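Here you get one chain, nothing else, as structure tokens; it is the form predicted on its own.
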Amino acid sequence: MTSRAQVLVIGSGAGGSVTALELGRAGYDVLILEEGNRYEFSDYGQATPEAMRRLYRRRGMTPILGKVPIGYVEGACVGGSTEINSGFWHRVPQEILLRWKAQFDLDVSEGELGEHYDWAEERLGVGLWKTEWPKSTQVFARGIEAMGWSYSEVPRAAPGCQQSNACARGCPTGSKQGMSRALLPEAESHGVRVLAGARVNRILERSGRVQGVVATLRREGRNQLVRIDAEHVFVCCGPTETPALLLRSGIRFHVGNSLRIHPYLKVAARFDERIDPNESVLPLLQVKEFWPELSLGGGFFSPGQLAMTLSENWPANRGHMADSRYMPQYYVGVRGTGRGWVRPTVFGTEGTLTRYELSSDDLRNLSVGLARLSELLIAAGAKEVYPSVWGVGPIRNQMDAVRWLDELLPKNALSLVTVHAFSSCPSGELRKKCATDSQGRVYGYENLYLNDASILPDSPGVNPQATIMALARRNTLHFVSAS
């Protein structure tokens, strides 16, 4: 079977949906190929195992290999990870843009991105919480203020949030503005087609020009191999699947060798007062005192997630599952200066191998971050802090906490996670380091573009969705004006 589109967009997450919308508005015949399925709001908010089966890649069990293995989760459905994230929104700081210019010669400025941030924030209804903060946020603020540190409430793309605590399972109320709600319906009104259940196996190219793709369609339990020809292809599969697809297709120039992430260490804090974290939105504040290398904030909560945090020292901790109403979760996040890689496996197109090695700075920042976060939570009234580190804790007082200002956490005892990965195909004008130019065109190809987290040159130190969307729109409008 062979079909055709003027422009193929592979992936429907933050980058792919923006790209498709602007191309559709410009009059292009656009087809989105999305590996995952399409779901309605009535399908969202299911129990965690079912939500992970439907909405997550590999049911949320994607390991990043290394001396310290790291759990990585990303969406695999129409709308991508925007369907399962918190909706937190950050503009990339000017300092980071200057670093990208200095180190990669990325031709973009804060002023240039501003109009695209504005556009995205209006479309997604980005704003601050409009009513009284949830209890988990209040106690966090109490601790920050007791320490005398600076902090801010993080805006969210979730106008009218009803505190269903279902962000990670797909917002069943439609308040959180994932791409399936915020952009794709408008894109489809401009003629953009969305083909779900379509995994692209290979990009077809000849003499520096892409001809189309070969994809596998899942239909009623059967797989069908198809070829789809196109004049232009935008790859927006995300930081792991974009380089894996390029490498499977023989496209290798600076592809997959420079993965960066934000490593996160989670803790649970036990208070005497009832917090009921399972009945509210996650904590809304972030400590900015130690940014950009280190941030402290609030994590998703469910009994299962609490069990995961406590499981590193389960024999001693399991009794605290009965205290779940008193135990919100928080995190230490570091900007990530280690380095990783992405490779397709030899076991067919379904597998992707990812590796990241913590740097010495990562380990130092995680250790200091645990000390700072524990100090904060104890100052807020926590009786004990339980870090997801085997053999460490509980932390009961300031003396227990400040130990980690000087000592390093044992590397082989860490249990880390991440939801932020990027930089596997960096963009910029410095060809000795970059896979694409500043507008996302792959070096050596006339009509192949990348427009997702993979092109961020380095770790942004903040939630990347806003910057992915701003760069994707800027790059797409440049493509339209140049065509």
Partner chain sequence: MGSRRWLFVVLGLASSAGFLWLAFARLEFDDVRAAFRQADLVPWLPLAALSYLAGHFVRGLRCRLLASQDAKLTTLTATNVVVLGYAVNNIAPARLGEFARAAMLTQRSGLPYIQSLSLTFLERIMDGLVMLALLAVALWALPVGGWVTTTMEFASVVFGIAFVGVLLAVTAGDYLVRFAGQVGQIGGRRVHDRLVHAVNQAVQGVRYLRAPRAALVVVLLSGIVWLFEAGMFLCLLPAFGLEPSPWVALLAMTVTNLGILVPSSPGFIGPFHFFCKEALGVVGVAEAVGLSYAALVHLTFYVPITAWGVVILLVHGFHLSSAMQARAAASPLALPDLDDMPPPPDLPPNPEAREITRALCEALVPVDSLSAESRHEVLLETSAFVEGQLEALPARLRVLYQMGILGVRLITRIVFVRSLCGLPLERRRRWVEKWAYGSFGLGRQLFRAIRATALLAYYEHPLVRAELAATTKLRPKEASSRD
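Only a predicted model underlies this, so the values are computations on that prediction, with no experimental measurement involved. Positions refer to the first chain, counted from 1.
There is another form of the same protein, the form predicted in complex with the partner chain; it is not shown, and what comes next is about it.
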Discussion item. K433 versus the partner chain, in the predicted complex: is there a non-hydrogen atom within 4.5 Å?
Written reply: no
Worksheet item: Can you check whether K130 is within 4.5 Å of the partner chain in the predicted complex, heavy atom basis?
Response: no
Discussion item. Taking any heavy atom pair closer than or equal to 4.5 Å as contact, tell me whether P49 reaches the partner chain in the predicted complex.
Written reply: yes
Worksheet item: Does at least one non-hydrogen atom of S152 fall within 4.5 angstroms of the partner chain in the predicted complex?
Response: no
Practice prompt. Indicate whether the candidate residues R260, G440 and N463 are all in contact with the partner chain in the predicted complex, with contact defined as any heavy atom within 4.5 Å.
Written response: no
Worksheet item: Pick from 94-102, 328-336, 401-409, 200-208: which stretch has non-hydrogen atoms within 4.5 Å of the partner chain in the predicted complex?
Response: 200-208
Worksheet item: Though the partner chain is not shown, can you say which of R270, R372, H90, H254 has a heavy atom within 4.5 Å of it in the predicted complex?
Response: R270
Worksheet item: Ok, R193, H190, R364, R142: which has a heavy atom sitting within 4.5 Å of the partner chain in the predicted complex?
Response: R193
Fill in: Contacts with the partner chain in the predicted complex, stretch 307-334 (heavy atom within 4.5 Å)
A307, M308, S311, E312, W314, P315, R318, G319, H320, M321, A322, D323, S324, R325, Y326
